[in-house]
Ligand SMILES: Nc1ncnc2c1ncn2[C@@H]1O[C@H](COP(=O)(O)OP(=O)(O)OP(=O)(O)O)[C@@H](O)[C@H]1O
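So this first bit is one chain, no partners, the form predicted on its own, shown in structure tokens.
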Amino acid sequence: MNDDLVLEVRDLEVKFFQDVGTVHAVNDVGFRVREGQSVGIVGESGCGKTISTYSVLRLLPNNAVITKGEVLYRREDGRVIDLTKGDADGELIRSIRGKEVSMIFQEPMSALSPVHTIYSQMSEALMLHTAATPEKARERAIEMLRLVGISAPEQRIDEYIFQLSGGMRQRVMIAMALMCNPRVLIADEPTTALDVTIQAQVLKLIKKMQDEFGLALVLITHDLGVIAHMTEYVYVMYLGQIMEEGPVSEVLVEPKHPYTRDLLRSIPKISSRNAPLAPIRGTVPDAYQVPKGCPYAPRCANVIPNVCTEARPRRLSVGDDHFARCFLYDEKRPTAPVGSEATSSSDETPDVSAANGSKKERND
């Protein structure tokens, strides 16, 4: 683990064991977060974004098992700890969860208790992780509510979550996540249930809190516009795997993987509002039976028959700190049988010229 990293996930694999079969939720996922950095994880619903980050805090359901990989976290004293080791409810993980690594959950009405006051819920983590008295915890909670823009926090703190609007509930979630001054903040779809105006306010608030507290931010979303405005580095996920990763300024401007291109192409554009939408063809494969080769092969317009469908592509460099898992850039890719030709559902020719001269495998 490099010295500038605060969190590094390596080759993570998570499976859900159920009566009807095994769900391959996360497959060989890896991502890195530096001190103060904003990292985004983007992809369609069900691609494994949330499970990957829940694994960091060991918040997985009982039928989910981390079957492979490491989650390395560097504490303030420099010690590196693998969070996948030990009991999910053990003393070590409990000393980190909520204090050093905190999370803003997707839906406040599900994450927050309707029968406990805001004070009761906000003070719990602070009194658990520090020697704060109830009086000090109350002062801190009021301070955090005021900081996130809750009016009259002295009165609001004794109210219940159902007395607040959706935007205010999300602000309470943010304030609660910051109670113990964490080093890493994971935000799981923090604006899903909010209208557009409140979404913008909440995202602006998260960015402000990150700058003020010097947080490392991991933002999970399906919205590429949010990624563009909020993060520096992005990981594009599909069916439990990282398809492409790199600086946001490169990935969104010069996408290399066909999936990333298709995601960007599917976004409605104001300049062509009368043009038909360009959805990604097909559907996401069943997570019970992940395809043998590239998971995107069944939907890819640039699929190479008997190559993409038979082998899993390697993580290859396609630019400066820019990587993609795609055979289009692999000089050492398997050879398709004689007579097989690449097929495409569009008239476009795969543009791989930008990757020439940079097709090298990562040296781990």
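All values reported here derive from a predicted model rather than from experimental measurement. Numbering starts at 1 and follows the sequence shown.
The same protein also exists as the form predicted in complex with this ligand; that form is not shown, yet it is the one meant from here on.
Peer 1: Work out which of the listed stretches, 28-36, 315-323, 41-49, 65-73, brings a heavy atom within 4.5 angstroms of this ligand in the predicted complex.
Peer 2: In short, 41-49.
Peer 1: Select from the listed residues 250, 100, 223, 189 the one whose heavy atoms reach within 4.5 Å of this ligand in the predicted complex.
Peer 2: Contact residue from the list: 189.
Peer 1: Please tell me which of 199, 241, 106, 231 lies within 4.5 Å of this ligand in the predicted complex, judged by heavy atoms.
Peer 2: Checking each option against this ligand in the predicted complex, the one that comes within 4.5 Å is 106.
Peer 1: Is there a non-hydrogen atom of residue 287 within 4.5 angstroms of a non-hydrogen atom of this ligand in the predicted complex?
Peer 2: So residue 287 counts as contacting this ligand.
Peer 1: Taking this ligand in the predicted complex, which residues of 1-35 have any heavy atom within 4.5 Å of it?
Peer 2: Going through 1-35 in order - heavy atoms within 4.5 Å of this ligand in the predicted complex - the hits are 16, 18, 23, 25.
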